[in-house]
Ligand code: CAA
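Form predicted alone, single chain, as structure tokens, below.
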Amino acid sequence: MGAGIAQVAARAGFAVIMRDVADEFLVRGVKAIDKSLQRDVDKERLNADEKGAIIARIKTTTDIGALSDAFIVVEAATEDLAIKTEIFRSLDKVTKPDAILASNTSSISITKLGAVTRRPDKTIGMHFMNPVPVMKLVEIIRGAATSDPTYEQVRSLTERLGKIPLDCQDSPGFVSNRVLMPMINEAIFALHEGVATRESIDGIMKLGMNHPMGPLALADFIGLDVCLAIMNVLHDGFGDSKYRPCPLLKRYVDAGWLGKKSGRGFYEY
């Protein structure tokens, strides 16, 4: 998703620095951006010169210090509080005092992330949807200390990126995943209990509810490890058994069957 965010920002005319922990991830990200933009060239929504200009606006680095002049940093790391906390501490040290620190987290508390910095008023959630270049929504999440100017700047930026900002308060799972993940989890329970096959469960939701993708296929696309992490945030945050992750989901994650990215999840790829 980080590559998708970089692509959208560069396409909107911004100079972008894409930072990751290893060069191999950066190479993969640039390839994904090139492939995505080439589809637009092939469909004549973009010409080759425009594509080249967009890619030229994106610089890559493994040095977090290279972000020192950024006016906003959008973090899109693994959905793990400890990892994100360490990143926010590091960003707080290397960026300008007036820089905004945003997280693309899909469930973790913005208030907690802001609290480990010296700028909780400039910390906010920008939850993009996947795939970022295609999906219009950005869920904007204010932490307890997020200031009005930070919120207004981020709303304005979101619109400049060609996205639609919709607001919610800092609560486990926000709105999108508080509603989506229990549905996916219940579909996994239905499979776990032998209520129906994976094909029937997904087919019923697609044909009966007009969903473009069934919940089990969607879980594979998101990543089963991410689904489990979000369910754990919901379960821990609300203390309600209705958010208990399905044992089958835990089993698949333990087996390394994480979905499309690992070649196997509820389906084989």
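In this text, all values refer to a predicted model and were calculated from it rather than measured experimentally. Throughout, we count residues from 1 along the sequence that is shown.
The same protein also exists as the form predicted together with this ligand; that form is not shown, yet it is the one meant from here on.
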item	value
Site check Ser36, Arg39 and Asn177: each within 4.5 Å of this ligand in the model of the complex by heavy atom	yes
Contact stretch among 41 to 49, 22 to 30, 232 to 240, 66 to 74 - heavy atom within 4.5 Å of this ligand in the model of the complex	41 to 49
Sole residue of Ala196, Met129, Leu166, Val116 within 4.5 Å of this ligand in the model of the complex, by heavy atom	Met129
Of Met205, Ile54, Ile222, Leu228, the one that lies within 4.5 Å of this ligand in the model of the complex (heavy atoms)	Ile222
Close approach of Ser103 to this ligand in the model of the complex, 4.5 Å, heavy atom	no
Contact test in the model of the complex: Val134 vs this ligand, heavy atoms, 4.5 Å	yes
4.5 Å heavy atom contact, Met181 and this ligand in the model of the complex	yes
Ile201 within 4.5 Å of this ligand in the model of the complex, heavy atoms	no
Residues of stretch 181 to 218 in contact with this ligand in the model of the complex (4.5 Å, non-hydrogen atom)	Met181, Pro212, Met213, Leu218
